[in-house]
Ligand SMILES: Cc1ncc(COP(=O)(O)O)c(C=O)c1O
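Only one chain is shown below, in structure tokens, and it's the form predicted on its own.
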Amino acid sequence: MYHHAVTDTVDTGELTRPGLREASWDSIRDIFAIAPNSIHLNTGTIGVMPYAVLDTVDRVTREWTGGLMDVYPPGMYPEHRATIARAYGVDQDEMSICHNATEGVARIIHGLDLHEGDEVITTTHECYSVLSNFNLLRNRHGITVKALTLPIGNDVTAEEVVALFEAAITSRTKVLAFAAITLFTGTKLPVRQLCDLAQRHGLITVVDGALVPGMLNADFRAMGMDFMACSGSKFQCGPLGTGLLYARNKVTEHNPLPLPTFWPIISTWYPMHGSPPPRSRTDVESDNLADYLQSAGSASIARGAALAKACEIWDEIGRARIEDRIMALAEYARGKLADRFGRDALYSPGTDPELRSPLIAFHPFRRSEDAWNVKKIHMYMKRLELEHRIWIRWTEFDVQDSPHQHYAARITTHIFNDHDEIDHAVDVMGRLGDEMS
């Protein structure tokens, strides 16, 4: 069968298990609070919390109910931030916990020192939160936003993507802003190459990393960007309303450019008089920038603790092991989808391994013009949910040389999925696609 039952061997409080690093994927599946007889293939939108994460939210909330303790120091999350930062190759002064990737993106974009005539290069495949905030700056300050349409399909290469950005850079360009992994087609952009390009031109890099934590065994510093906003509730499987904001606070070999001017908006830590210390010119911080970003009044201590618990579980399983499992399941799913719908039906890159991710978008219907029918793809998704308890997502995006936006089905693999689920889901999606064609 494709579904799993929660076993009696799982202690939902402290996760009694022999050791997650050596545990089978079936037993690791049992630590997640997944609804029985369902297939969750939509982690690109929201993950599934482990029981221990749920219990942490409840326990810490109860501990702080009553209002008899000082809520401000723990709301700075110093230990949690330090632990999470180490897992991603950076330091506590560069990592803050925010409410979600959308908030993190907004705080980054509106903290940039941009003025009338400055140019931002981004893509039409960005999350709405990226494009809307840059449009706000365009309307408010008169910046120019140049949105490139990314190539799509199985045979796209990293070289094509980098060349597209490089050709768009002008003397007015100040910022490259792009997703580490696009939510619409699941293209994993060549972040290091794009950051190298930005550094050669002296540009600031803003990365939407909503899908990075919990999926990739990533070293944020080695990736080379200046800023990245991340979700805590997608692949990292923390609570809703959690995210991470990385702001480079040191000059290192991975990004030797001077630290960009940055205004930490929404901060109760920023001085009421005078200015913070000058930004560091070395690999030693001159001030704790993340403290400025973290200090914003009272915080959800329970959600911060629960996000830290999710990260602790990931560290115990092993982040490299998790990435390998997620990507292996994605490759299996990609092959099954190609066999069932045809390789030309895939919008997501497949030939270049650098661009592959566990988010795979595809056209499920026989007629090509149905890719423009938003009502049809929405009904397809709803029928999968209501009739088959299979959760996926439909996405929309621009396609080069197409007069229409395209609408696609998108699946996402995670460690709580398995091959039987993928087989069953692809079979059902194929039969439903045929029926609706």
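Numbering starts at 1 and runs along the sequence shown. Predicted, not measured: the structure shown is a model, and the values here were computed from it.
FYI, the form predicted in complex with the named molecule isn't displayed, but the following is about it.
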{"property": "A168, C127, L137, V156 - the one with a heavy atom within 4.5 Å of the named molecule in the predicted complex", "result": "C127"}
{"property": "Single option in I109, V90, L183, L289 placed near the named molecule in the predicted complex, where near means a heavy atom within 4.5 Å", "result": "L183"}
{"property": "Residue stretch of 361 to 369, 159 to 167, 202 to 210, 82 to 90 approaching the named molecule in the predicted complex, non-hydrogen atom distance within 4.5 Å", "result": "202 to 210"}
{"property": "Partner proximity in the predicted complex: S231 to the named molecule, non-hydrogen atom cutoff 4.5 Å", "result": "yes"}
{"property": "Partner proximity in the predicted complex: S295 to the named molecule, non-hydrogen atom cutoff 4.5 Å", "result": "no"}
{"property": "Contact flag, T102 vs the named molecule in the predicted complex, heavy atom cut 4.5 Å", "result": "yes"}
{"property": "Exercise: G47 in contact with the named molecule in the predicted complex, heavy atom 4.5 Å", "result": "no"}
